[in-house]
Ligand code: ATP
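The chain that follows stands alone, in the form predicted on its own, written as structure tokens.
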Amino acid sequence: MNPFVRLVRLAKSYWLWMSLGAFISLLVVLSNMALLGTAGWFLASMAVAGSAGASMNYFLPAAAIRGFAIIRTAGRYFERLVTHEATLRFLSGLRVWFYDHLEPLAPAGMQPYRGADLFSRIGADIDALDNFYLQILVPIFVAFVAMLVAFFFLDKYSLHIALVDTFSLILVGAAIPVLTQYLARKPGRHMLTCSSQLRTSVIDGTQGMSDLMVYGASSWHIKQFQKLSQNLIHSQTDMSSISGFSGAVATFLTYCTTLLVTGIGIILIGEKRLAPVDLPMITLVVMGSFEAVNKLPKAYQYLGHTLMAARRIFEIIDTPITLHEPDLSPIIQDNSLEFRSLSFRYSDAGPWILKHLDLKLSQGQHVALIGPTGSGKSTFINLLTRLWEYQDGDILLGGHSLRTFRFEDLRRKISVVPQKLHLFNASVRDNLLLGNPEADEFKLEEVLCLVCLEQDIRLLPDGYDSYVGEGGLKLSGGQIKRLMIARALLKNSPILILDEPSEGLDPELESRVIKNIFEAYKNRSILLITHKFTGLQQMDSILMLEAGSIIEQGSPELLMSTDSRFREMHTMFRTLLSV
């Protein structure tokens, strides 16, 4: 579907504000034309009456002039107020609509897009759509209606003058904008592309500054940034040149039309077909009518830029949703998890990450899933939280397939500490309360003590109210990890999944944190995903995963008492620690 039509449909919810803004804009243009015409007629009539020694009623036209001036001045204010209110409401609603359609796509449907690019689309691309109402819809409506009003008014005095004015208005309001749009199509698209790339570069550079500095690539990134900046400046310069050209041509046609109408009026006066006092009025009305179309060249100039921004947004929205949720979730009696012959791969042509996997996590049971990096351990989280759709087999929660649960209800049952961590640029308290907004100070201290972080937080300048920086920049890697574990513990879900929870911790601290969690939540189902062996002696069962399949499973005592792959890897791990 045409992006322009889709934008119109999305704007229907704000038709009242938009219609009111368009009406006020039209009122401003018409009042300006009326003001100029009445003033021209009044001055000419006063001059003729004065030279002839005649009297005339100047109170009514003087009052009309003041009235039109007040309407124009007040209208300008309310035009800005209403049109900007309509625009902000439209953009705000558009962002909510975009996010509502974006969330079901994450992460499977968003693989082709970088995070910075998505941020650019939801920010700058939607901001670019403010031109859609302010610079396109309103000017086109005002120009069309004002042209009709001007034509019928001028036609009462001279059809020739009305046709000349209408023809010139069409040139300025249609021909020049079409030419402008053609000339601005390439630089407009290039400007949007460069702007998007520049924002992506800034975000990537900010988030990855530490890595760039470590690998000595910061100067290269700066050069790339400068190159993108120069490309954007060139595109903006081209757009400004086109805008100046269209404005100059429009001004030239305005004055040429005014002179031509004046000449026609003089001829009509000589033929006694037009009163002399009407000529200034007609001339000024013609000049005022061009205000209705002066914005159209700029509108069409940025039309390509606006439509390309819309296409970038609709490109993501049109991505097919691979995950679907029911309207209601089943009522379950327990929170046991069971994987039945589960197979999964990220694409139809890709390799199988998990193959015919069978696993059961009974309510209150502690199970460890271990294996080398790349064996498919972290994929469990994506499947359990319904971020990806599995192809074969099934996952059961309380005896019901995960596909029968609403996403929100399912994720309420499961707390996850992911391997890829993210903290918001907010306070420690705000980041913790994402796990449980109702948690009080005592509960915060409790979970921080469990992860051995309470003292660290107290030593920060503002304690719980200290800002952690972008992505936790002001904290160490181990502190970030423990803060994420604390946030998951605050959620108090019946199932806790820990994906490499000891990453970034020294062995002693690692043992204390794992021990504290298992002792405090011994009645909670815990799935520990790791490639280490810390805390495994406290597990009820251990499953060894390799190449997407479980090669052996059993209690720690059973696996250590047999000639197992687990015992072999455990021995190697202990040997490395001793070295």
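All values derive from a computational prediction rather than experimental measurement. Numbering starts at 1 and runs along the sequence shown.
Below: the form predicted in complex with adenosine-5'-triphosphate, not depicted.
- Contact with adenosine-5'-triphosphate in the predicted complex, defined as a heavy atom within 4.5 Å, holds for exactly one of Ser336, Ser195, Thr379, Ser329, namely Thr379.
- Interface residue among Leu169, Leu384, Val417, Ile353 relative to adenosine-5'-triphosphate in the predicted complex, by the heavy atom within 4.5 Å criterion: Ile353.
- Annotated contact segment (heavy atom within 4.5 Å of adenosine-5'-triphosphate in the predicted complex): 367-375, selected among 85-93, 126-134, 154-162, 367-375.
- Shown alone here, His531 lies within 4.5 Å of adenosine-5'-triphosphate in the predicted complex, counting heavy atoms only.
- When adenosine-5'-triphosphate is considered in the predicted complex, Glu500 lines it closely, a heavy atom lying within 4.5 Å.
- The closest non-hydrogen atom of Trp388 lies within 4.5 Å of adenosine-5'-triphosphate in the predicted complex.
- Though the partner is left out of this view, Phe144 does not reach within 4.5 Å of adenosine-5'-triphosphate in the predicted complex, counting heavy atoms only.
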